[in-house]
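Take a look at this single chain in structure tokens; it is the form predicted alone.
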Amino acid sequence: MVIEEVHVKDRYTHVRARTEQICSPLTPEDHVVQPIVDVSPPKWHLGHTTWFFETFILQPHCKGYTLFDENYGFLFNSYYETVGARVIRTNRGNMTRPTVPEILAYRTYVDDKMEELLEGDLEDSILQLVELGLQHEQQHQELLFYDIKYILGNNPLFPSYSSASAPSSQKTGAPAYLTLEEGVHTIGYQGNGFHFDNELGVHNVFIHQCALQDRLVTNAEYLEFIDDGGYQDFRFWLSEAWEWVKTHQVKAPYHWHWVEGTWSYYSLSGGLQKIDPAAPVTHVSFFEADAYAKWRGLRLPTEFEWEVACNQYGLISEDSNFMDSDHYSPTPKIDGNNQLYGDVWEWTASAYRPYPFYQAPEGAVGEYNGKFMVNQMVLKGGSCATPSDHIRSTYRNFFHPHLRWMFSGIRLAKNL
């Protein structure tokens, strides 16, 4: 992987500024809360992404570098055992100090040092670490949208995050199908651009003839499942999923609310509002996606089927709904857009495991992906909170099957 040094400083400045822009509509109080373990306080994201550059780039590669604060390594290390001790994840909401202004000062301090470093003649290995740091920050930009939506969506006032409006709804017709021919297909990243280590291990898979729907499952279609008693019928649910439904009394996707005899949902760009029937259903767990597919008499695609379909039919265009669109919510299908990129991350039927020949990198960077390859499912395609330059067909996102605070949705498949 070779990174053009001439562009790296501008890219660094742009990505770092975008993170602060995401947080700019928040109050100081919004920055601090941690309602559940999966949600990190926004100010923790601001600190952690800065700590990444300080720890992995400035300390080892900037001569005479002085830490901004010796305590920040303990506060903002996420899961890197190699680097040292850290605050446990459940206690991030206890960090009333340092304050938001102090963390923003930390960002400025590190950014100044990084920009000085990037003006020099750097080895490719350092530029690779810078790009990894920027890709890491873009991941946290998406997590910020999940967490902000959870924080504001659980506020009794359901405050809007943004005044931006989503495209007007339109009637969605019956889905068509994207056919995949039987045969051997190559899976994994091939090229010279950036990629995460979990995309490596290029290998061949045999895929039987099958077809994937040409759009995402809509709110209206998912509502049929709810109205038909899908959440009350054990036949559609895996055993662990059925226990999850009963234990947590799950009745609808997350952020849906039964208000005055109809379903409403919380949106970042509009607060509490009525469900848009044509928009893709989102905030569903793998458990729900799998149950819905069985109720329809269909199934979820494997990650390999999805990747092959995306390579054949996927297209990133001006109609693709990414973070850059500023809608902050999935939008109805537009003619010619198969929604393989953007809108919602699509659950697949594949467990998150290493590809053949996978080798985790040495050192702390090797902890980035490999140690999480258990008890999680793969999602593909990006979402309305994903930066458009951060996604590709080989990108492997992964979450535990019960989680649904992220922008996650459903595409159905069938055998032929």
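Keep in mind that this is a model prediction, so the values were computed, not measured. A residue's number is simply how far along the shown sequence it sits, counting from 1.
Only in words, not in the display: the form predicted together with a further copy of the same chain, which the text now covers.
- a further copy of the same chain is not drawn, but in the model of the complex it has no heavy atom within 4.5 Å of T108.
- Remark: N375 counts among the residues lining a further copy of the same chain in the model of the complex, judged by a heavy atom distance of 4.5 Å or less.
- Of the heavy atoms in Q34, some are within 4.5 Å of a further copy of the same chain in the model of the complex.
- At a distance threshold of 4.5 angstroms between non-hydrogen atoms, E240 is in contact with a further copy of the same chain in the model of the complex.
- The candidate spot formed by Q59, T179 and D335 is out of contact with a further copy of the same chain in the model of the complex: none of the three has a heavy atom within 4.5 Å.
- For a further copy of the same chain in the model of the complex, the listed stretch (201 to 209, 223 to 231, 307 to 315, 132 to 140) containing residues with heavy atoms inside 4.5 Å is 201 to 209.
- When a further copy of the same chain is considered in the model of the complex, only one residue from P175, P277, P159, G73 comes within 4.5 Å through any heavy atom, namely P159.
- Residue F286 is the only one of F286, Y328, Y341, Y265 with a heavy atom lying within 4.5 Å of a further copy of the same chain in the model of the complex.
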